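The data below hold one chain only, encoded as structure tokens and taken in the form predicted on its own.
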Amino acid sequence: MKYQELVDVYSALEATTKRLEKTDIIADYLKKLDAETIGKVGLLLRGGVFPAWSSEEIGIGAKLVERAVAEAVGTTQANVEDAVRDEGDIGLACIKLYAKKSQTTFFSQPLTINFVFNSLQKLSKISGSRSTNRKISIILELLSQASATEAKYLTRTITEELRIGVGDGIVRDAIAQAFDIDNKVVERAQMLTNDFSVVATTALLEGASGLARLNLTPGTPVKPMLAQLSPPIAEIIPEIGTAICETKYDGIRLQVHRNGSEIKIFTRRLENITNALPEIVELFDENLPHEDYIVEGEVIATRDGKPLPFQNILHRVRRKYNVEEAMENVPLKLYLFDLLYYKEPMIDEPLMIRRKTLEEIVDTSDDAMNLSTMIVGTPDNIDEIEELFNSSIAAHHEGIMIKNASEPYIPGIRGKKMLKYKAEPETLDMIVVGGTYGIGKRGDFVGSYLVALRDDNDEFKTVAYAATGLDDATLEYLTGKMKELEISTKGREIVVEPKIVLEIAFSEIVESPEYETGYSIRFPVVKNIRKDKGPGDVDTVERLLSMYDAQ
């Protein structure tokens, strides 16, 4: 299958903003693919060549791609950089540069999807001496045979900026439509595997029955179940009936897998951080059975028995070097709260059963290994629930979680089955798309940050400028990142690639024609730089509207 055919699909997708049209385009294309190709396309449509949970990545920086483009078209890297600056994107720069291409490759074969896919996967495996030249050689082989439009999407894929407005939901709907399968069956399969390669291939070869057989596998992370803001305790508990109420810890959510003798640790973004937390691996090896399992919990940093701010634990889990030193300086403490798999999948079991089984298999005699502090909440003991909330706040935690005790685990879904009740104002995770440099003494810093939320097409729509809650050290760090991600600068205004995620607190949501969402927030305050989250974790416009209605 020619790569140009996929490129034509990319172009058609980029040309429309309508979700249903995008779904139709992909569905029609998937029907034409064979079993060897469809799995690769399932990943390429999301702009990569590895599943979301894989620790492998193409790992090529923009400068290296610009150097390869320069060689492919017979110009200088400076000219490529100028074109990127003018066009605002490496893909559009390729369209401009290939029109003036001075080199011609004779006897070149048309690029195929298999060749492109396999070549891009090879890039992740190259290391050691002369690795840069070897990577350039692979990219150059692709670009030298590519048409202008093929080069546009090749370079975007390599730099992980495909920009066709296609999110997981659209690919999922297209698979369901292409093979006449219930959308919910496809959604569940994707949530449990986090791999469109597996889902698309299974849908083609085995249909709905094959997808229904896909389930949790220890070692392959699953998207976490998500919480939404809770109404007052006295209001929500009678609605739920029986709830698991537990302390909400200000740490990093972990999903720990044991498969045979191997233990892996993943973040909520499905990032493998096993090597950064050797003491956590040891804790699980010593305090849980040597059976296959998937356990969820929160890890926090402590000092003198008290929890440290979130940034401390974030720095700790991102440590790649001097891990032993970090282990001494930033002691960690675990609080486990859910069990997704124990010898067999358990996500369809009610939470009460999952929690009871978790309590039976965890040895909490080690001070670092704990179960979350919890009570069973009913309309008859609301006072006890409020006391749990007060004691959690007094212990410097965030508040409490309120979870429906009779419900299964639903990966990746946010709803009333799991709620968070916090003392502080509600926050939203937003992505930075631009900003404004300050004036006077802060003229070298980006002082105000234009933030956005995700819409149904996984495109970012602006909602506010955030400028408070930032000290000089944070401003210096953020300004450095903004310069790295700069697309264009005009006067004091800067536009950047959407990669920086900020947690923003606010007092109220208001209607505002000034921003693309049609809404804005009053008194935004930057609470955290969420280095543990990426563009796919950004909150949605739909959630903003839901919160607005709740006001």
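Numbers for residues come from their place in the sequence shown, where the first is 1. From a predicted model like this one, the values you see are computed outputs, not experimental measurements.
Another form exists, predicted together with adenosine monophosphate (AMP); not displayed. Remarks below refer to it.
This chain is displayed without adenosine monophosphate (AMP), yet in the model of the complex the stretch 244-252 from 244-252, 438-446, 152-160, 452-460 comes within 4.5 Å of it by heavy atoms. Residue contact with adenosine monophosphate (AMP) in the model of the complex: T193 places no heavy atom within 4.5 Å of it. Of the heavy atoms in K533, some are within 4.5 Å of adenosine monophosphate (AMP) in the model of the complex. Adenosine monophosphate (AMP) in the model of the complex comes within 4.5 Å of a heavy atom belonging to S372. Taking non-hydrogen atoms only, A227 approaches adenosine monophosphate (AMP) to within 4.5 angstroms in the model of the complex. In summary, among the residues K420, K223, R172, K264, the only one with a non-hydrogen atom within 4.5 Å of adenosine monophosphate (AMP) in the model of the complex is K420.
The partner is absent here, but in the model of the complex a heavy atom of R414, alone among R269, K333, R188, R414, sits within 4.5 Å of adenosine monophosphate (AMP). Along 399-414, residues M401, K403, R414 each place a heavy atom within 4.5 Å of adenosine monophosphate (AMP) in the model of the complex.
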